[in-house]
Structure formats: structure tokens, C-alpha cells
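Coming up is one lone chain in C-alpha cells, specifically the form predicted on its own.
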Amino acid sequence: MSTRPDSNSSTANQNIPNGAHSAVGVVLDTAYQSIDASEWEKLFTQARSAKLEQFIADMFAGKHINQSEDRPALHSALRNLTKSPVLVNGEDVMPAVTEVWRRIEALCNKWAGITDVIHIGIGGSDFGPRLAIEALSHVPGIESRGMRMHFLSNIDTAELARILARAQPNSTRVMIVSKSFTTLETMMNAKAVVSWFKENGCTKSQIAHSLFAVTANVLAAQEFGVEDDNIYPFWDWVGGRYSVWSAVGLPIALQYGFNTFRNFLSGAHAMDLHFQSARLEENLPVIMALTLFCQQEKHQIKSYAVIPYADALDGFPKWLQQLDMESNGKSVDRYGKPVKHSSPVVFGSAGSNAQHSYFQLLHQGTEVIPIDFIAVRKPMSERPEALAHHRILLSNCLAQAQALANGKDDANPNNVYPGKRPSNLLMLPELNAFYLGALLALYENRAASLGVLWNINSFDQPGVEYGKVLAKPIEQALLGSQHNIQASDSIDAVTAARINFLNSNQ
């Protein structure tokens, strides 16, 4: 049997392009990758040599694949709607996960009269739910509970002021999302919102009733003033950037109803089942990982773009930046040895807006930059002009991929398109909660597959900590009481000069 990914017999009778592949209704077309059959065979051989199949089995079995932190990476359990047992150190975690589902549904059912929800979190506690809320708001006819959902992540008070100017304190609820309940930006913003409640005459009991927490540090949440019934668990086997499937995704259920949240989990679970069971040659996350891996080998690429031709997915590249670059942006492998490849820089935005921004570089720049195009077959609107607009949107998506792949000769060098710019095309039947969940899980599983190919631990992020440590003495120096900061072990000469300049203007 051919090892080309279009050889999947399960999709042979579907009306999909030659060279494409399908799972759970999502179609992946790799025709413009310029990878021939012999190259595919070598790529799948490399994947097997890297023991990718064993890794997939180990990940879903709860093995401690996060070696540096000696823990599993079991975000898939959070969307395991079949409730089949998932063991962590011999204990089935599904009863606890199921209990969280029950509590989320109960909360959805009893909320009434709430005008505003302020979700406070940063990084993985923010990108996922923010993306889902924005994307699903475009679904025609979706249930909406009429609440304003605000996301507060930045320590910059401009974001805080904008949200508090709109929210109504007596009918506002606050979600504080922090695994440790010590994240600096999150806790400072939470304290500021509590102060806002007090400034508006809310009593201590009213404030406590308005606060909710998603955390692994229950004691800290209690000490902050969150009632026990309002604390939702977070487990150490869930990484922040993989956490939208947990109670971190509460805004999805609160805004659009629990059934929508369940459909979101269902799409991700369906993609997980495919990732677990499909042969590598038929496995969408694996095939996507191998296309990127192949282009690194061929062209030494340093970046890639993701362009969703759907305005609803404009936030998807931001979510993907954290997933890919925080997971796999590393220079050493699992054993501390230098790696040949790791995560490229990820960028992107919604098409066709992106065409009027940086596509000049994609077509005629000096670097080869692979692209993932994402298209949705159904329009995201019920406007009378929706079909006509959508045809133009899709035609632009297909045309850009063709132009990038084939290029164009011209007597005028300025008008030459070199071509041979690789791309994938992902096609969703429509954009709803199920397919949004499937899309996110597809990329999560792709990131894990890439980690195996590069021999990188995709589930830790030590590189984000050092700057946080250095920020503490710098903050103290910026209090302004000193105007002649000198270089020290924690503050170098350049930073000392910058502090002195900032303090001199206070």
C-alpha cells in the first residue's frame, strides 16, 4: 500500500480532492507541499523511528511524558466524554472531571440577572476561552445568554479601566483563573476588581458571592475570599496552554450554554480518538507535523504562517503562537543536548485582510515561509449577500495558495513570483463548537507530534520564568525613592540607566 496520506481507504468514497485526507469531517489537503511518495515513506519511517506511535499511546495512558516535571500531560481527559477510565498514578481521574462538568452545568442553569462576567487570567488561562467566545459569537443562531463577557489579562490598567467602565458592579461575576493562584498579573487585576466592588458599595458577602476561582491552590483562593462552592479544581497534569477544556472554559458554557460547551469538548474528543487510533499514514495531526518537519529539512524554515479565511478565527493565530512556541520553542532536547530543529516563529491573521498586509513577503520575499490556510465551507452569516461574499473569500484563499505554489514568470524581475512556497489547506464543513474543538485538538496533537520528531518535551516552559525573577528587584527600583540605581547582580548597567531615566520623570 502507498504511504501517501491520500491513501486513506476510509475517505476514498468521499468527494475530497486527490491528495487530501479527512478525519471527523475536517479535510486536510497537502497537495501544495511538493512531497512525493518516496519522501512521505521516509517521513513516516522517521516518525516510527522516533517512536511516535508509542508516545501517543503513553500520552493517553497517563504516562509521565512530561519528564522534566515528572507528570503526565492529560488534557485529553478533560474532553473524554466517553468517561472511559484515565489513570494517573493508578487513580481514575474521570470521576473528578465528570464532577466538574456537573458543576459547570449546574452553574449555567442557576445564573440569572448577570450582566457582566470578568474573566481574569493570562496566557493559557486567557487565549483559549477568549478565542472560543469570539469565534462562536459568529455562529448564526447560537444561544447567547445576553451577558457581556470581558477578558482581563494585561497588567496595563488601560484594559482594566475599559472593562470597569462598562461593567455593572451589582450584577457582575468575576472568574479568577490561575493554576497557582499567585500569577502576578492575574492577582493584581483581581485585587483591583475587588477594590472596584468596594468603591461601588458592595458588601463583603456580596463580593465573596461574586468571585469564582479556577485553581489548583484551593487554600489561596479561600484566603483571597472566594467561597468554597465557587472554587473549581485545576490539576497539575493539565498545562495552562492546554486548559480551555477544563473549568478554564467556563465562559463558553456561561455565554452559550452547557450544550455548546459539551459540543466543543465533543469535537476535541473526536479528534483525540482519531489521533489515538489512525495509522500514521492516515493521521491528520501526524501528517501536519510531518509537513512542517519536512519543510524544515528542505528549506531550513524559521517561521510559518496560519491564515484562517474566517473572521471568526482571527484570534486563532494568537492561541497557536502560545501552543507552538511555548511548547516547542527550545534549543535542547529531552536529554539536554542541542536540537537541530524546534518551533518556528508562528504568525498570522484572518484572510483576506492578511493579503493586504504581509503577503508581499510571502510571495516575493527571500525566505520560504510555509502556510496553513484554513477555510470554512459554510458562510458565517445569514445576510442576503453572505453566499456571494463567501465565494469571494474562498476564491481568494484558493488563489493565494495556487500563486504561492506555482509562481509566475515575467520579463520584468519585479513581477516574478518564484513559487514553490508550500502550504496546507484545512477545510471545515462549518464553524461551530464541534469543529472549533476539533480544530484546536488537531493543532494540540500536532504540537505533541512535532515534539516527538524533535525529541523535545512539549509540556514544560522553563524559559518563561527567568524574566519574572528579574522583574522583582526592578519593580522595587522603580518605586522612585532612588534616583541613582547602580548595576548589581540582578540589575545590569543598561537596565540601571533605564530605571534612572524612568524615575527621573516621576
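Position 1 is the first residue in the sequence shown; the rest follow in order. Note that the structure is a prediction, hence the values are computed from the model and not measured.
Here the subject shifts to the form predicted together with 6-O-phosphono-beta-D-fructofuranose, a form of this protein not shown in this document.
Stretch-level contact check against 6-O-phosphono-beta-D-fructofuranose in the predicted complex with heavy atoms at 4.5 Å: of 369-377, 313-321, 116-124, 134-142, the positive one is 116-124. 6-O-phosphono-beta-D-fructofuranose in the predicted complex comes within 4.5 Å of a heavy atom belonging to Q461.
In the predicted complex, S180 approaches 6-O-phosphono-beta-D-fructofuranose with a heavy atom inside 4.5 Å. 6-O-phosphono-beta-D-fructofuranose in the predicted complex is not approached by H269, whose heavy atoms all lie more than 4.5 angstroms from it. Using a 4.5 angstroms limit between non-hydrogen atoms, R241 touches 6-O-phosphono-beta-D-fructofuranose in the predicted complex.
Contact residues in stretch 325-356 (any heavy atom within 4.5 Å of 6-O-phosphono-beta-D-fructofuranose, taken in the predicted complex) are limited to E326.
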